[in-house]
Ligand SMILES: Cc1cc2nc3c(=O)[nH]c(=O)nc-3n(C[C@H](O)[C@H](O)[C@H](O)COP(=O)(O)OP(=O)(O)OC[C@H]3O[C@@H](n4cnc5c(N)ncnc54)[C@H](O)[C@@H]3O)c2cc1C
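One chain comes next, on its own, written out as structure tokens in the form predicted on its own.
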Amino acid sequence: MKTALIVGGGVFGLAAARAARALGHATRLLDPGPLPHPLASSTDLSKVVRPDYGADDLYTDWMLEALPRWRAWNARGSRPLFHETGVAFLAGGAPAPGGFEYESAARLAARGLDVEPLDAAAIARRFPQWRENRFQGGHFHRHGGWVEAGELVAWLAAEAAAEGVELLPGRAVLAVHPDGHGVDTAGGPLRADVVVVAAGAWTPALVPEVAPLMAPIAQDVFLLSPADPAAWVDARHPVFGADISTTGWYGFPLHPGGRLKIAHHGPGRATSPDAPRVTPVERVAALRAFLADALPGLVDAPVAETRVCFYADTRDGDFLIDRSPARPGLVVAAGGSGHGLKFAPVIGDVVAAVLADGPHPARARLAWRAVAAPRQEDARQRR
């Protein structure tokens, strides 16, 4: 029986572990902390799940494959973790060909999904919390929403264990062996037929050869306590992107715990994921400026909590799921770039294709690559 070591217990790592086990590998998963790890980007209050990807057909179609699996996971779990409350993308001007909102709506409609176009009047009528005439168009559909991210990781870990994956939380990996067939840990070396490094923002430290492509980037998340919680529930305030290609701001309906999450996806800050996780005061000021410009009802809402989320950010925004050309025993599954968790049900398919050297439509796009030029489209469109 072949053996596999999976380094990292987030969404990529758990997907890889389940894929390796399904192929018949004796599989162990190592993570330096508990599962879910409190510092992992997968461990969050919520993450967006939506098929809107502008003109990017591969990710659009891949997400349309993932959505039925999200629903199937809901049916299998003790309670739904994926909340399909709908998604609204708003544009500062009228959506035009080439723009993220226009291209997303056009592709979803062409694939038979019901997409409701929005103009300024429709936005004011449907979503009155937005400052009148701030957004001139966009679209809304019900084919997406949000997932309880940390709870999902816990569920996936339980699923992996039930399938025969040996989970080893609290077992930090110090280095990957030069041939890729093993790792050094504080408890001694471990060897396997294949090592899959899925360590998120820590991946470049463990696999230095990916550093020209991938870097840990800090992004800021804010949890607000609105004075009128009823104004921010699902139907009145769905998952949104607020002129996302320009502003970088996106957010969620009110969480059942009473907090409203708004986050920013932009250039971020290049720093170590082990550095102190403190949100700069200027980022709080940027949030307040966005609220004053777009969501005036939240201008005075207290910031109950801030969180620094680390992306394993690739220069082109695409994941890296491939075998190392230099180390035959090593596979990397990382580079989520802020939009990986929504693919949780289908990431393992690509890992399995790599391990078995089989076909998958995404393999060429996610293959090992050196320094990549940024894509022409704004990377903030893919989160």
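Being a predicted model, the structure only gives us computed values, none of them experimental. In case it trips you up, residue 1 is the first one in the sequence shown, and so on.
Although not depicted, the form predicted in complex with the ligand is the subject of the following passage.
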Answer with one of V173, V207, L156, L260: the residue that has a non-hydrogen atom within 4.5 Å of the ligand in the predicted complex. V173
Which one, D56, D318, D349, D31, lies within 4.5 Å of the ligand in the predicted complex by heavy atoms? D31
Does at least one non-hydrogen atom of L5 fall within 4.5 angstroms of the ligand in the predicted complex? no
Is there any non-hydrogen atom of S42 lying within 4.5 Å of the ligand in the predicted complex? yes
When the contact criterion is heavy atoms within 4.5 Å, does A231 count as touching the ligand in the predicted complex? no
Taking the ligand as it sits in the predicted complex, is H37 in contact with it (heavy atom to heavy atom, 4.5 Å or less)? yes
Using a 4.5 Å heavy atom cut-off, which of 80-88, 97-105, 116-124, 308-316 contacts the ligand in the predicted complex? 308-316
Contacts from 5-22 to the ligand in the predicted complex (any heavy atom within 4.5 Å), listed N to C, are V7, G8, G9, G10, V11, F12, G13
